[in-house]
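Have a look below at one chain only, the form predicted on its own, in structure tokens format.
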């Protein structure tokens, strides 16, 4: 099985979105460089620094499945049916939105986080299962199912918003020393979860 990895851009004060779910202050690094990195969907092309390009290409190439919650799915309009990583998307939701599932999209809906993870791992095989929401990150950390935390740390203080790390039920959670990639306007930190 591949790794289960939670990966999000985060402000220096720990937020993954502002109080209105906005991410503009956190996603600037996707367009602040000279190296073009195409996504699996031609609608999204990133222009990043050389260091961030290495990080991003590795992340995109290794993606076997993505798990998200219903709020992120709704905010992105389901990425129009195709996530930039080009992998199947597993949405944790108690209901299925109108118009879904669609024949032109590898998006499925699951009523619980563990079931979504099991389905994603089966599809991903030895590739990475990416977790894209704080709530699911907390659940998988508490259950001992998360292998890595990847924080793209952006030098901004949002002051308030949606926190990446809330009150974990199972603590302490110990992490290995980070692998560090310094980009422009972002530092990519990869932490292995110690068990």
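Numbering follows the first chain given and starts at 1. Since we're looking at a predicted model, the values are computed, not measured.
Below: the form predicted in complex with a further copy of the same chain, not depicted.
Heavy atoms within 4.5 Å of a further copy of the same chain in the model of the complex are found in one stretch of 165-173, 125-133, 65-73, 51-59, which is 165-173.
In the model of the complex, a further copy of the same chain sits beyond 4.5 Å of every heavy atom of residue 4. a further copy of the same chain in the model of the complex comes within 4.5 Å of a heavy atom belonging to residue 157. Contact annotation: residue 186 falls within 4.5 Å of a further copy of the same chain in the model of the complex, judged by heavy atom distances. By the criterion of a heavy atom within 4.5 Å, residue 37 is excluded from the residues contacting a further copy of the same chain in the model of the complex. In the model of the complex, 141, 149, 151, 153, 155, 156 are the residues of 140-156 with at least one heavy atom within 4.5 Å of a further copy of the same chain, listed from first to last.
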